[in-house]
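Just the one chain here, the form predicted alone, laid out as structure tokens.
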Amino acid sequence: MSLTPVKKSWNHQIKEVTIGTGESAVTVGGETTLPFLHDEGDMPNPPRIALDVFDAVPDTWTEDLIEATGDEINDPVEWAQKGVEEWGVELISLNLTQHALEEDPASPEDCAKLAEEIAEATGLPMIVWGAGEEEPDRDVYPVVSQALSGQRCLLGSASEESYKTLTATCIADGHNIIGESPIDINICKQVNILVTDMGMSEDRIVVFPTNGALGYGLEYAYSILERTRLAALGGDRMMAMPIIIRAGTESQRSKEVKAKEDEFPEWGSRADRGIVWEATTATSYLQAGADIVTMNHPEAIRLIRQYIDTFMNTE
């Protein structure tokens, strides 16, 4: 008995957002279909991998990941350069945390200098995250944004409670913005409305619906991404923005990644677990509609690049 494939066509498109300028610029979005269903619509731009770089080594990271990253982890500029030269990443995702320390915090000027040095050393488009704390982030955003003015970076994140400073800053300096929502499709849409009401163009917004790792809320976050993409393709223009997901950072919070082998010998090698956990988290969200995944482990990055290349092959 023959089986006739069921195909679904859509009349609407995800907006394209360009990050960076010149030859190194990358464009995400533009789909007229669900992920990788090339026979149902167009997927003109492949999902992109961004390397997470931190201004200080995260205390949540395992020794295995630190070792895999190498000595460059102690110098954010060298770390980012290694991502370009050895791991072939297309975006740098700079995570600023030291300005939010209670004792001896980094100044906004220090943060801006670091961002400038990384941008100059790598030549890649930049994603810049704050520490997720309203007051210190509010002070650092304008200084970092101005230092990178004209480079069309992606800055984040703007939330329902705190979006005005970052939105105004991005508009003034010509950057894109990340709209963050707590795994809630209605709040995701509301943040986009608030940001656009201030004058931000819809083609400069990337949404971050927040996410968990494999085993830590992935199923629910997956369903939110899927609903977001279905709403967009169905015609809701306030949901038709590309999506960014943090695969590496969330995976490093997982018990299964951090647990030592003598604690759970049946789980096998912790070094292998970390790679597989991050890669599985990333592949799941790519299938749900993620356009950018930020990643940590070099081997997981290699696996995801291979995965994207395979699924973008329309042959």
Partner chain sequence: MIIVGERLNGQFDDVGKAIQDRNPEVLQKLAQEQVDAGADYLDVSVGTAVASRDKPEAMAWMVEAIQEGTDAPLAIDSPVESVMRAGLEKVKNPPMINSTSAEPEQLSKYIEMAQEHDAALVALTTDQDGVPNDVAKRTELAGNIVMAAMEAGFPFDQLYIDLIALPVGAAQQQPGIMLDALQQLQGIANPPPHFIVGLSNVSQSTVKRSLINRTYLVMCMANGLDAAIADPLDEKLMDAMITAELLLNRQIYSDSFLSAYRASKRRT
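Just so you know, these numbers come straight off a predicted model, no measurement behind them. Residue numbers count along the first chain shown, from 1.
The form predicted together with the partner chain is left out here; the points below concern that form.
Peer 1: Of these, Leu94, Ile205, Met239, Leu225, which has a heavy atom no more than 4.5 Å from the partner chain in the predicted bound form?
Peer 2: Partner contact (heavy atom, 4.5 Å) among the options: Met239.
Peer 1: In the predicted bound form, which of the listed residues (Ala121, Ala106, Ile185, Val143) lies with a heavy atom within 4.5 Å of the partner chain?
Peer 2: It is Ile185 that has a heavy atom within 4.5 Å of the partner.
Peer 1: Flag Glu160 as yes or no: does it have a non-hydrogen atom within 4.5 angstroms of any non-hydrogen atom of the partner chain in the predicted bound form?
Peer 2: Within the cut-off, so yes.
Peer 1: Taking 4.5 angstroms as the cut-off for heavy atoms, does Leu101 touch the partner chain in the predicted bound form?
Peer 2: Taking the distances in the predicted bound form, the answer for Leu101 is no, it never comes within 4.5 Å of the partner chain.
Peer 1: Using heavy atoms and a 4.5 Å limit, would one call Lys189 a contact residue for the partner chain in the predicted bound form?
Peer 2: Yes - in the predicted bound form, heavy atoms of Lys189 and the partner chain come within 4.5 Å of each other.
Peer 1: Is there a non-hydrogen atom of Gly88 within 4.5 angstroms of a non-hydrogen atom of the partner chain in the predicted bound form?
Peer 2: Judged by the heavy-atom cut-off of 4.5 Å, Gly88 is well away from the partner chain in the predicted bound form.
Peer 1: Where does the partner chain sit in the predicted bound form: which of 230-238, 73-81, 133-141, 111-119, heavy atoms within 4.5 Å?
Peer 2: That would be 230-238.
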